[in-house]
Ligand SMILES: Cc1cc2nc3c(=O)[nH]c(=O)nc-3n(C[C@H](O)[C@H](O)[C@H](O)COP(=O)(O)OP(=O)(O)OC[C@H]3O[C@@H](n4cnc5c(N)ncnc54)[C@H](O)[C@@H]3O)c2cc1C
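The chain below stands alone and is given as structure tokens, in the form predicted alone.
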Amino acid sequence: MQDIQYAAPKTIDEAVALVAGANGSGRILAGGTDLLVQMRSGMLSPGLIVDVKKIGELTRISEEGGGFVIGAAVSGAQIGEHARLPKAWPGVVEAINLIGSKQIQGRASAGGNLCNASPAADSVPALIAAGAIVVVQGPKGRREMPVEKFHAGPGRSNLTPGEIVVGLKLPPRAAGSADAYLRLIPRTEMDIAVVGCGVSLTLQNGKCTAARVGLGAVAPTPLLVEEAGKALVGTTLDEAALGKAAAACRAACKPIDDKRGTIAYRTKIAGVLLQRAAKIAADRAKG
């Protein structure tokens, strides 16, 4: 068994230098709820663990330009207890708060859930629906990308060597806007999604003027379903519009058969969850 080095940098630049210098053997420790499990199972054997909990920017929630910036190491518990974030983005918060038990919530972070790159990650469809942006920093500086562009496949991201996730940006909310996240799981709690669906929309005078839809666990990476959002815009979210959006979700699905569900089942459920989540988001938008 190889020796494992541990470092707890106090700045992002230090963290980036450590990860870049590890030549692919470095791993970030934010909450550790994925990393430690993977190490114990033998899936990972890092040469260096970089603990980012001592970096201020990564461990706080800030408000900028009417939106929010969530540090990559902020725990789910912190997010759920924030004074304003749950009111502005209830769907995002409820998705993040589905990650594990209450004990896990005290450690697990949205940034870690994103970087674990599971197609079934609960936070990701809701973040995609929200139009969230990932802020990353590496040896060549800082850059941003939409959440839907972050994943390259199961367990793989589009981070380049030495890059780390710094935070997640949630945009300002227009009046009459709200979001919702729903998932189907085999058990009543603490299980992996068979399908997950996030919907964010804006209503003005009873009509939908903007909408985004995110799907999880139905393809190798979480999806932004643009056609589903387009099907809702300009409508009163009547059954015909919801049916068209549901059909767009089903068409976007590229799932697998496994012990949690068949291809046909996952595809059908994607449309069902879209309709339900859109109705919840609309009710919230109406106040």
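Residue numbers here begin at 1 and follow the sequence given. Keep in mind that this is a model prediction, so the values were computed, not measured.
Omitted from view is the form predicted together with the named molecule, to which the following refers.
Of the candidate stretches 212 to 220, 199 to 207, 139 to 147, 101 to 109, only 101 to 109 contains residues with a heavy atom within 4.5 Å of the named molecule in the model of the complex. Using a 4.5 Å cut-off to the named molecule in the model of the complex, not one of Thr59, Glu81 and Leu182 places a heavy atom inside that distance. In the model of the complex, the named molecule sits within 4.5 Å of a heavy atom belonging to Leu35.
Contact annotation: Ala30 falls within 4.5 Å of the named molecule in the model of the complex, judged by heavy atom distances. The named molecule is not shown here, but in the model of the complex it comes within 4.5 Å of a heavy atom of Leu159. Though the partner is left out of this view, Ser177 does not reach within 4.5 Å of the named molecule in the model of the complex, counting heavy atoms only.
The partner is absent here, but in the model of the complex a heavy atom of Ile164, alone among Leu170, Val194, Ile128, Ile164, sits within 4.5 Å of the named molecule.
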